[in-house]
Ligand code: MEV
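Next comes just one chain, in structure tokens: the form predicted on its own.
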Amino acid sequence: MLAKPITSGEKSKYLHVFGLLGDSMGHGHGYGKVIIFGEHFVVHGLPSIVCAIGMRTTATVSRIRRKNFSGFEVEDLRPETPGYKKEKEAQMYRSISLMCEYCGIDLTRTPIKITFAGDLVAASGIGASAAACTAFARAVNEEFNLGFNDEKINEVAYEGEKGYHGTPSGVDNTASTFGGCLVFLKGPPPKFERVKMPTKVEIVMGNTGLTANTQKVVEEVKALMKTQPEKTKKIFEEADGLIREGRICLESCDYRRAGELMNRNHELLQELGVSCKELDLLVNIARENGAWGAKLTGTGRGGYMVALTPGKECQEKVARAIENAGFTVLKTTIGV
């Protein structure tokens, strides 16, 4: 993901079709994600455990035939938390520009239309931006016959994530590109390994309905590390051990202990100041109704909470309680 942009020589290889206005259309997709352990800590060099979920964003890319038009236009049909797409619109346009530049696409010669859709809700904490970046990268790859493999798709998506997050860790786009459950370590160079979960396990994700500014929240955590170094050092040291034990629990199906670690992970994130009353309420509702563990996931200050709810009965009970409190939920699984 931190490789150098494509060289001029590579551009001539990849972009030999530029300037031609065909009737083809490129298609792509990117998975949503949930971070089980390690959000925010991953930005500062600790591992993170992230799982793709069974919902995704799709993208199509087609060339615009209109004369005297350059650049790109976007049609965004994704379901959303109210206001999310409008608030993120400028970041999305910046993201698309960065990815086009990285791929060597000359939008003055070959303007494009991008249509985003799919069943992944555009919301904070679920990897919506990374899913859009990955879907776009795949669609552009197909439309312009670039010949990118998944590693190169992941690099392009990482460039796109810069438009949303400034300096992203890379965890979201990696999960969106490769799927499954991963332990991720920020680079350079970034690394990830498959978490070998023997079985699927049910989770519930509760949506606060709030949109978070990831870049702003990350900068605030960095500021806290400077002003309170001893406090944050202890938090990070505990988080490191917690994340590593969490992987062992998931791989051995010790979901009871994994839930306990999730609860503690949430407390550490509270100490970093990235939770909010809505997230804390959702966490409490989930735990009171039988979740084995619950925590915020992603940026915090809004977005989603994730609850570990092994078994359909537990999942349904927790989901129903959250809905009865006036929030929307996603019911899915992580694992094989």
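Since we're looking at a predicted model, the values are computed, not measured. From 1 onward, residues are counted along the sequence shown.
Beyond what is shown, the protein has a form predicted in complex with this ligand; the following relates to that form.
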Item to complete: Spot the stretch among 241-249, 91-99, 211-219, 133-141 with residues whose non-hydrogen atoms come within 4.5 Å of this ligand in the model of the complex.
Response: 211-219
Response to the item:
Assert contact residue (this ligand, in the model of the complex, non-hydrogen atom within 4.5 Å, options K113, R257, H165, K85) equals H165
Worksheet item: Is the gap between I35 and this ligand in the model of the complex 4.5 Å or less for some heavy atom pair?
Response: yes
Item to complete: Decide whether G298 counts as a contact residue for this ligand in the model of the complex under a heavy atom distance cut-off of 4.5 Å.
Response: yes
Worksheet item: Heavy atoms within 4.5 Å of this ligand in the model of the complex: does V42 have any?
Response: yes
Discussion item. So in the model of the complex, is this ligand close enough to A157 to count as touching (4.5 Å, heavy atoms)?
Written reply: no
